[in-house]
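Next up: just one chain, as structure tokens, the form predicted alone.
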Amino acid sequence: MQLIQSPDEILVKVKDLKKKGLSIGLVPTMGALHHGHKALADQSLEENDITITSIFVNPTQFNNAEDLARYPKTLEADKQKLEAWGVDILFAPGENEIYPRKPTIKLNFGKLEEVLEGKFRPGHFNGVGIIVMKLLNLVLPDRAYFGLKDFQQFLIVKELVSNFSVPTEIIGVPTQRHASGLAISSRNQNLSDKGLEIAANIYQGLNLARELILDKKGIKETIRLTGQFYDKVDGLEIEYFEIVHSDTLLSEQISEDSPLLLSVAGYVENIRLIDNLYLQPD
């Protein structure tokens, strides 16, 4: 596996690969790699000639300085994993190389950025949009792979490439889970064994909500009963649980035949975790 840290060098490299007619898959990450990232890399390896994984903890998408400071940084271990997975190139630039000066551009994703995560993380999706555009421009991938645990981010990125006519196919990969159902996340590394047990209730609540919807309990009643379930879990503080239309993320656009997203965010041991379930209409 080749390690490249310079933006100029990665651009020269991918242009050379393109001249040879090779397809490129990009797996953008912030490091602290786990089996969820492996699923992204595996799909890219299957669908492309060359797979490039980027590792960059992007400061512009953190609205909480403590959250940024706590985010795990495990570059040496990550390099070993990528080697074992068969990734071709690791692009791991420094902050000054990606942001030689503070970004001045402001991206507006309309309603998509005003709901769910956007309500609680102001400026987050502007930061996501900026770093994704930088990576797409530097790596020139045919396909880029994103985990659907961050479903809102996936929609934001699709909106981004559509608006800017970026010729990259954005591919969503299903959430990978522990045996307990807990969504695999880099942030889980900061939880104790007890915290991991508590956090597993996040997925249990989503499963309860799914069953309630399938039993025709209605959206309001499902939200109420799921909220009661979460309230009884000691050590779990729910920030939001919402049921929205999965295309627009708006609850007011739900109809009987709408595809639904059950979305939740909460804290365990002061670590913020998110998860979701996608439900297609019958």
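Start at 1 and count along the sequence shown; that's the residue number. Worth saying up front: this structure is predicted, and the values here are computed from it rather than measured.
Although not depicted, the form predicted in complex with adenosine monophosphate (AMP) is the subject of the following passage.
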Exercise. When adenosine monophosphate (AMP) is placed as it is in the model of the complex, which of 208-216, 143-151, 158-166, 94-102 ends up with heavy atoms within 4.5 Å of it?
Worked result: 143-151
Exercise. Exactly one of Q189, T74, Q80, Q176 has a non-hydrogen atom within 4.5 Å of adenosine monophosphate (AMP) in the model of the complex; which residue is it?
Worked result: Q176
For this session: Only one of T29, T222, N48, S246 comes within 4.5 Å of adenosine monophosphate (AMP) in the model of the complex by heavy atoms, so just point that one out.
Result: T29
For this session: Flag H34 as yes or no: does it have a non-hydrogen atom within 4.5 angstroms of any non-hydrogen atom of adenosine monophosphate (AMP) in the model of the complex?
Result: yes
Exercise. Does M133 reach adenosine monophosphate (AMP) in the model of the complex if we count a contact as any heavy atom within 4.5 Å?
Worked result: no
For this session: Consider L40 of the chain shown here, and say whether it contacts adenosine monophosphate (AMP) in the model of the complex, taking contact as heavy atoms within 4.5 Å.
Result: yes
Problem set entry | adenosine monophosphate (AMP) contact in the model of the complex: V115, any heavy atom under 4.5 Å | no
